[in-house]
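The chain below stands alone, shown as structure tokens; this is the form predicted on its own.
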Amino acid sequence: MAGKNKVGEYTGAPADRSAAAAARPVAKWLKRLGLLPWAAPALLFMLCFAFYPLGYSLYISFFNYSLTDPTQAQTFTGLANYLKAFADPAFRVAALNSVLFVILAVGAQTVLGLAIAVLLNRDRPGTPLVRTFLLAPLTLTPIVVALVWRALYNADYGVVSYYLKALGVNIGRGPIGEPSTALVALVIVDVWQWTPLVALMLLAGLRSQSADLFEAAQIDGASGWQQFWCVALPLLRPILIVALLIRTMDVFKLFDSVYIVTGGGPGYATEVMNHYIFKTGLTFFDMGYAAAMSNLLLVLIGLFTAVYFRAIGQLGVTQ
């Protein structure tokens, strides 16, 4: 007679065991469907504000669609908008500037953030106060930060320009007026505001590491540098990669400081993908082309994300 033993396994005929095995996936799905009402609000939110805009953007990227057309006609053009983007010199410059901006800004934020986290990891007088001040740039909106730095960079009355002139540096039309320095000036703005975020994330990682590991390393004769390089840094790598991932996605979406400080100029010196997409879609109203470039930006961010997740996976294998 069919039934279950003490460990819950069916002990009946083979046909009964096959039927029980086939019923298990159904039971799992019924159990999951029972949780569906609880997840429905979140799924509905994602459907309305994430998946629908994404799907509509993909849809209109295959059409010639201009908001200035009185008939609002959408003519199917296939991959023409994507091919136009690859042939567009301005888009190629914007893509190159975006990648260069990510490398410079995220690289500087990582190095400086790690240095600050190591310094603040030791309990010294005044350290809690410094940690509190680190939050100050994060409390400001990017628009306010951009307006302040635009005034600081002003070639006539800006503080930065004043001290550069005092040091004998030829600033020409100012740090944001020269094509050779404008992109670096924007990178400095981003580094100033977001390095504290990276520092706080890495500091949290350092504070969570067990003191026993460092005591064991000291007993083995490891120096302070060896303790950091061989013990602290390997344990910190997962958090480091998460910080890199968050900042990379954020920098690719850069818009506020470019729009306010330089407007993408001089020329195309500081033009980035997000700002160029904004101009194409909401200044020239070429929505089909703007949607195609948005999808290419999404693919680029996805490539960087895949690289980071691959690195995280390799860390999980090696540790």
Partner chain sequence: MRRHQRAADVITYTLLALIMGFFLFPIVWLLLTSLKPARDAFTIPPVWIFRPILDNFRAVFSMVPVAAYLKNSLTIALGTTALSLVLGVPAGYGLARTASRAAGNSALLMLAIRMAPPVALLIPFYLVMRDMRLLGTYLAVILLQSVFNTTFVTWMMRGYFLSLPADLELAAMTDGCTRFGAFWRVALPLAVPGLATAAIFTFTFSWNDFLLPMLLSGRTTRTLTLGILETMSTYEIGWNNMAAIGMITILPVLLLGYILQPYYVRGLTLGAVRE
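No experiment lies behind these values; they were computed from the predicted model shown. In this text, the rigid core denotes the largest set of C-alpha atoms whose superposition between the two forms falls within 1.5 Å. Numbering follows the first chain given and starts at 1.
Below, we refer to the form predicted together with the partner chain, which is not included among the displayed structures.
- Stretch 121-129 is the answer when you ask which of 80-88, 97-105, 226-234, 121-129 has residues with heavy atoms within 4.5 Å of the partner chain in the predicted bound form.
- When contacts are judged by a 4.5 Å heavy atom cut-off, Leu300 does not count as touching the partner chain in the predicted bound form.
- For Asn154, a non-hydrogen atom is located within 4.5 Å of the partner chain in the predicted bound form, even though that partner is not displayed.
- A residue is said to contact a partner when one of its heavy atoms sits within 4.5 Å of a partner heavy atom; Lys28 fails this definition for the partner chain in the predicted bound form, lying far away.
- Looking at Gln209, you'd find every heavy atom of it more than 4.5 angstroms from the partner chain in the predicted bound form.
- For the candidate set Val184, Val148, Leu213, Ala73, a heavy atom within 4.5 Å of the partner chain in the predicted bound form is found for exactly one residue, namely Val148.
- Taking the partner chain as positioned in the predicted bound form, the residues of 253-276 that bring a heavy atom within 4.5 Å of it are, in sequence order, Lys253, Phe255, Asp256, Tyr259, Ile260, Asn274.
- The two forms, fitted on the rigid core, differ between the shown form and the other one by 2 Å or more at the CA of Gln72.
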